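Starting off, we have a lone chain in the form predicted alone, written out as structure tokens.
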């Protein structure tokens, strides 16, 4: 059986659930599908008539639209479900939902990211009863489709052999809301598996979840990349190829967002600006999953400047979503 055929019917709940070779297949498919779209070559024959259910417990721009546009371009259809407007709001069980939606379509995708200890557990319970692939559109632990898009962007920028790249993953101040921890955790869980050295920096209140760090350490042992800690943004950025500076909430305070934001205000100086990028070096690039708090997490000069990869990175969300849907559905 061709390797990619073995991915049919597979869940993607954490990037660590897939072997490196399987992630490589997804990236190759994303690259091919991106080229077909660039050339204007239709590929609606890949998932004709297939349906995916998109269940959201949180707001979304890139995730919802990349999945909806992606399934349309593959010949299928997406149903958007807001948790608060469905029977989930009245306590319908993940078992019932997983079984019933499995009978209506070919995949279930879920975003459930704001409460530590809940999102990944909920998805696993749905997957235990579903008979179709269950895909993680972001949880409390990981953001797999963003991670695949980030890795694809790094490969496009620096070449397919990413061994030896150094990426600074650093907390940055944002006043808007207490953001999930899944992006920094996901970066640590995936990038070192492909030989990338990750340097993590954050104020003491913004530690990542222990279970995510344990998965990250196992992945780094497999792939040869390293994970190290820095005490400041400046220390993390020094000599890096990429600065990935974004905000995330304090895990112990995510259920008390006002307190979390009050703690964050102590660290307004944690901003990615031209000064920080100069420490990284003249050729260093800036990445962010978006939305970014302009003037807080990052200066406009960096976000809109020639070092920024945010728009190619965001576009790649479409191609990685399409690749995984095409492979698994």
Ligand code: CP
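Residue numbers count along the first chain shown, from 1. As the structure is a computational prediction, the values presented were derived from the model and not from experiment.
Just so it is clear, the following notes concern the form predicted in complex with this ligand, a form of the same protein that is not shown.
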In the predicted bound form, the one of 285, 50, 34, 62 near this ligand [non-hydrogen atom within 4.5 angstroms]: 62
Which residue, 281, 42, 291, 295, is the contact with this ligand in the predicted bound form, using a 4.5 Å heavy atom cutoff? 291
In the predicted bound form, which of 34-42, 257-265, 298-306, 54-62 comes within 4.5 Å of this ligand (heavy atoms)? 54-62
Answer with yes or no whether residue 193 is in contact with this ligand in the predicted bound form, where contact means some heavy atom within 4.5 Å. no
Do residue 317 and this ligand share at least one heavy atom pair within 4.5 Å in the predicted bound form? yes
Decide whether residue 136 counts as a contact residue for this ligand in the predicted bound form under a heavy atom distance cut-off of 4.5 Å. no
Evaluate residue 111 for contact with this ligand in the predicted bound form, applying a 4.5 angstroms cut-off between non-hydrogen atoms, and reply yes or no. yes
